[in-house]
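Listed next as structure tokens is one chain, alone, in the form predicted alone.
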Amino acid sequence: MSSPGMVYPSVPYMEQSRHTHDIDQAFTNQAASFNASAVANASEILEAILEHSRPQRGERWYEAACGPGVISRRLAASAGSVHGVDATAAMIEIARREAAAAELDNVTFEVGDATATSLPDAGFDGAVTRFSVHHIQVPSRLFAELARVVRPGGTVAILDHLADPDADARSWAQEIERLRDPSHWASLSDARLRELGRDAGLDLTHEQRFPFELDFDDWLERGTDSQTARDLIELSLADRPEGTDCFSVSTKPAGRILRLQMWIGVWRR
């Protein structure tokens, strides 16, 4: 079992370097479009995070893998201060610009690795991350780091989309995700997410699962401009296995819809 104070080192092998490059390239390309996207600004996701994290005036909060700072800016309205860290400089540039435009003087951002920051132990009252777990190799590093930087009694909230428990369905969805965006590593089941929190020394106080729909073609376009990748995705879509629940694509009058299963877990440090 990992201790809450453990800091996991960066993994010094070539696959890690390639994946880090994939993340930086993908999110540099997607920075502006993700900031403006429906999924980044979806009210049901923002409200779920705010409702269950419950930041208070005077509290110091941290957002790991903050992207363009959408969550940080929302937290800033309730918390005393918010600090965001993201590995992609283009995301941090947008986060700072948007915070300045909104005249938020209690939000700061920096470029850094969310799994191994230089932030002090127990320096925050709460921490949150959204849509980050499925990009991270060995995600226990992220859980351990969140546990380390939050004070005893503080809150850790993690939101991500789930993987199907069925192996065939899970592999099929991952194939599409990686074709669309090589920075995708692996979505996890809710059971695995609970386990990672427990192993990091966190006590689960709330969890919620809910469906979320988004425009499939917009999602695809934001992820890749490779026609080869898009052609392969279309082939894979035609070969959908039985029992897929956490990742499915359907056609409606307005166009194709991607339906995901979102999950939020809230822990007490």
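The first residue of the shown sequence is 1; numbering continues from there. As the structure is a computational prediction, the values presented were derived from the model and not from experiment.
Below, we turn to the form predicted together with a small molecule, even though it does not appear here.
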| property | result |
| --- | --- |
| Joint contact, 124, 145 and 201 to the small molecule in the predicted bound form, by non-hydrogen atom at 4.5 Å | no |
| Interface membership of residue 115, the small molecule in the predicted bound form, 4.5 Å heavy atom rule | yes |
| The small molecule contact in the predicted bound form: residue 196, any heavy atom under 4.5 Å | no |
| 4.5 Å heavy atom contact, residue 34 to the small molecule in the predicted bound form | yes |
| Contact test in the predicted bound form: residue 223 vs the small molecule, heavy atoms, 4.5 Å | no |
| Candidate from 104, 179, 169, 136 lying within 4.5 Å of the small molecule in the predicted bound form - any heavy atom | 136 |
| The small molecule in the predicted bound form: contacting segment from 128 to 136, 76 to 84, 148 to 156, 94 to 102, heavy atom within 4.5 Å | 128 to 136 |
